[in-house]
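The chain below stands alone and is given in structure tokens; this is the form predicted alone.
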Amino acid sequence: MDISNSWDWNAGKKEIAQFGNWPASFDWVEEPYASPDGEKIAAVVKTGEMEFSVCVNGTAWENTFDKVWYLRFAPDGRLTGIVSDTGQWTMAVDGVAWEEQFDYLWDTQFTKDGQTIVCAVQQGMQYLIASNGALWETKFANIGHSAVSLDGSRTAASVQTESFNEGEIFKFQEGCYSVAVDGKVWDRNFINAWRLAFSPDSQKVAAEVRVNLYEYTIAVDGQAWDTTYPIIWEPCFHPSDGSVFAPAKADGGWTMIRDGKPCWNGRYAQVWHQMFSPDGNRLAAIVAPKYGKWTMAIDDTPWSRTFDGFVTDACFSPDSSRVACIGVNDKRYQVCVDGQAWSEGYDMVWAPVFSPDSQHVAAKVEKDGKYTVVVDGQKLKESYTMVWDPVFSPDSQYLLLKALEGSGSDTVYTRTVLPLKDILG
């Protein structure tokens, strides 16, 4: 179920909070965050000597802490922050701290529905994963990249399995790293293990691994592909058939690999950040057809439009027919949709979003220190002190705009629902 179905989609503007008054109430106010539905604005605040809390819509949490950082709203609207209390760290959710405390924790991750909160933790100079406060039974000497399954039931991380010191180069080359899934380590060690991916059914885990000083490949549930490469990037699973895809440098250049064999004919100066369409029938990736020229390739067919800087934040439309991304030339950011760049460039553009019916694209942009939103290349008339990523209504008829308006003590946080017909005419 789409969480946004329960939000208020009545057209109009609501003034949520007088954000400009907050600095007068606290010793200082940090960067604000808006909730997914736009009904809340929150920021870490200093309430006293070595005393911190979080202010939400003008009211601070009852509990205070030694420190609060990495404030984030979960997709379900709960507000999370990593907090320190008497030298121990934990996670606070809507002001209530987990019972478990740690020497340190970081790398907060959420499932799509927001029900599962995962982070890496340090405990007694050892490392493990916590999921909604529940810990792995096994601790490790070191921990790296982590991942959570789509349904939130499982977690995985790259871990150090063997201890060694700086001088033990031969022991290092024998392999001292692997992947732990729910705290249980794969049977095989590698020289290194990096980015991880769960299969859609949560049953398998793939990781990029280094099998010797010069060769890299993908391992699935501890079993490495037979073929190795000079370098390889983060893997992903096919949405339905269980096969694993990863960009790798092969003979003639970079290409896409499927289960250890090339599946694209094209060879590029670079391929990475691959993604499947929602229906699983199309595979896109950011590519460089030649050195210094960046674009998107869909099913091994690159767009003719290229960018000299870089391409980032690519996404498929919900119906799988369209692709949008950000392209940069000479520090000028543009939204590019289906190979066509919007005419105006900006100092910064944030990740574009498609409407549920796949007909429209919107993005947050910045130019000359002012923020606004652009829809299908048309910029809103108003500019703002700050604006958050736009959200389309489930019926694709409205756009939710979360923004700070005004300046100084007169700054106001507003939530506005705009009919698309009023934006596009």
Partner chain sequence: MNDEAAVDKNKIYDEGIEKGAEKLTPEIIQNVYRKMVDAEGGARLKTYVETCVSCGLCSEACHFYLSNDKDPRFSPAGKVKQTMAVLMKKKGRVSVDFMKRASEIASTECNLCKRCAMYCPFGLDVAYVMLFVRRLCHKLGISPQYIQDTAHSHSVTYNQMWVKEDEWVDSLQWQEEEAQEEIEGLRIPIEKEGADFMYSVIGPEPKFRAQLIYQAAVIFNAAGLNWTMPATPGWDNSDMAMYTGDNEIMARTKRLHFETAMRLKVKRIVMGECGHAFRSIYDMGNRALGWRMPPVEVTHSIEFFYELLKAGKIKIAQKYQPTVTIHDPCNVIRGRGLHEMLRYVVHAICENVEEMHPNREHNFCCAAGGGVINCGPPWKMKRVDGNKVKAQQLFDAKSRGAETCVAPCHNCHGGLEDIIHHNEIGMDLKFLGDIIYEVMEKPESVL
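Numbering follows the first chain given and starts at 1. Keep in mind that this is a model prediction, so the values were computed, not measured.
Omitted here: the form predicted in complex with its partner chain. The next part is about that form.
No residue in the set 112, 198 and 260 has a non-hydrogen atom no more than 4.5 Å from its partner chain in the predicted complex.
Partner contacts here mean any heavy atom within 4.5 Å of its partner chain in the predicted complex, and among 129-137, 317-325, 206-214, 93-101 they occur only in 206-214. In the predicted complex, residue 238 stays away from its partner chain, with no heavy atom inside 4.5 Å.
In the predicted complex, none of the heavy atoms of residue 39 sits within 4.5 Å of a heavy atom of its partner chain. Its partner chain in the predicted complex is not approached by residue 154, whose heavy atoms all lie more than 4.5 angstroms from it. For residue 67, a non-hydrogen atom is located within 4.5 Å of its partner chain in the predicted complex, even though that partner is not displayed. Interface residue among 264, 333, 225, 342 relative to its partner chain in the predicted complex, by the heavy atom within 4.5 Å criterion: 333.
The partner is absent here; in the predicted complex, the one residue of 299, 221, 162, 347 having a heavy atom within 4.5 Å of its partner chain is 347.
Shown here without its partner chain, the chain has 164, 166, 167, 168, 169, 170, 172, 173, 177 in 151-190 lying with a heavy atom within 4.5 Å of that partner in the predicted complex.
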